[in-house]
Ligand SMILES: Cc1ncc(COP(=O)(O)O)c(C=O)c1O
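Take a look at this one chain, the form predicted on its own, written out in structure tokens.
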């Protein structure tokens, strides 16, 4: 009779063989087993990129049938935290849930005078994805909107002071748009000046980095050879998602790595925030034992909390009104394999952006392209050139942003329709100007004081009206990108 281990080994061998045949169109570009793309086939703007290794990991975890977050989850949390150089990563079931947990954690009474109360203000940016902003409203705080820059897609961080209100502003919460870091140095200086929380929505930017001169970094509390830092000759360099107090990731299929559904909350350096965020993720309980493990505090029946009797089971003691937002261990098993691919995926996104940019030079008359924060321009021979701040952004692009110039004889919608006609995946910059969205209009109708617009949002309107993006994901082959370039250049030649 076969042993269980032998049977599992045989199942996984067959799984590997099956996946090689069934999933060859999802392999990384350049993989010699990848199915060949031909004209007429769709080109998605993003998608899963994996091999049989992820499928085997998922099936192996399924056969173990632990299901809820367990050893695979614990290992992925440690591996992701080691990559980012942060105190702790907590896996959750989506990037949107990560944003909800991150902002909810800052409402904890355990933070005393630093806690965010109902009616407190949080500065954010008008252009972007709604679930960066929705959790602010969901906790009863007030979003305060500044404008977005048309070129970078990011917040115009020189407007932060205009949004500040003494005694009311408690935090800044913004995304690094399309894998382009916002101005971290200016934002951190602002947050340090007023003792504000900084929450980085890093969902589109895993693998992007930001550098600043060492004297500036030191003044903001970052020093050489600290965890998560790697040093240039004159600068300190750090991954996005590791500069603020807390940050978030999404592992939905279009993102830099995938668990199917999934995300993470990254706690940069505070053990207190680790315990609070974990509580909000796990039903609001006070106990920090993982599922299936009891009494790691060695005094499970000795606590006296709230008005509960002394000795009430710590596993059923709740310090917050929390949620249950954990993913499955199966997803974490997939994510761990993906995390090993991350360095390759990061570089491929950079290469794909440059390839598309070079190919679309002849369309510059009517099209405007993204630049990294602090970059002043781009040329075909030297790539990006920079302003005089000495800060730099290194982008692992989530997408290839294209804006239609004001003098163009066609609209963004015209170009989007042409791309659709040729089965080329494209997307708007998410919600465009969020304050124009039906949900935010209805929120304002119900409560005119629900949010505040600190400045005119002309840049966000331009993004809403004139901008779309193509993919840069590591499943794009050169033949796919050549067809995208050909389609756009031919379309513009008509004008």
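All figures in this text were calculated on a predicted structure; none of them were measured in a lab. Residue numbers count along the first chain shown, from 1.
Same protein, other form: the form predicted together with this ligand, not shown, and the subject of what follows.
Asks: Although this ligand is absent from this view, report whether residue 430 comes within 4.5 Å of it in the model of the complex, heavy atoms only.
Replies: Within the cut-off, so yes.
Asks: Considering only heavy atoms, tell me if residue 255 and this ligand come within 4.5 Å of each other in the model of the complex.
Replies: Yes, residue 255 lies within 4.5 Å of this ligand in the model of the complex.
Asks: Does residue 204 make contact with this ligand in the model of the complex, using a 4.5 Å heavy atom cut-off?
Replies: Contact with this ligand, yes.
Asks: Taking heavy atoms and a 4.5 Å cut-off, does residue 129 contact this ligand in the model of the complex?
Replies: Although this ligand is absent here, residue 129 would touch it in the model of the complex, with heavy atoms inside 4.5 Å.
Asks: Based on heavy atom distances of at most 4.5 Å to this ligand in the model of the complex, which listed stretch, 402-410, 215-223, 195-203, 111-119, is the contact stretch?
Replies: Partner-contacting stretch among the options: 195-203.
Asks: Counting non-hydrogen atoms within 4.5 angstroms of this ligand in the model of the complex, say which of 334, 76, 146, 175 makes the cut.
Replies: Residue within 4.5 Å of the partner: 175.
Asks: Taking this ligand in the model of the complex as the reference, which of 352, 156, 124, 94 has a non-hydrogen atom within 4.5 Å?
Replies: Checking each option against this ligand in the model of the complex, the one that comes within 4.5 Å is 94.
Asks: Any chance 240, 372 and 393 all have a heavy atom within 4.5 Å of this ligand in the model of the complex?
Replies: Answer is no for this spot.
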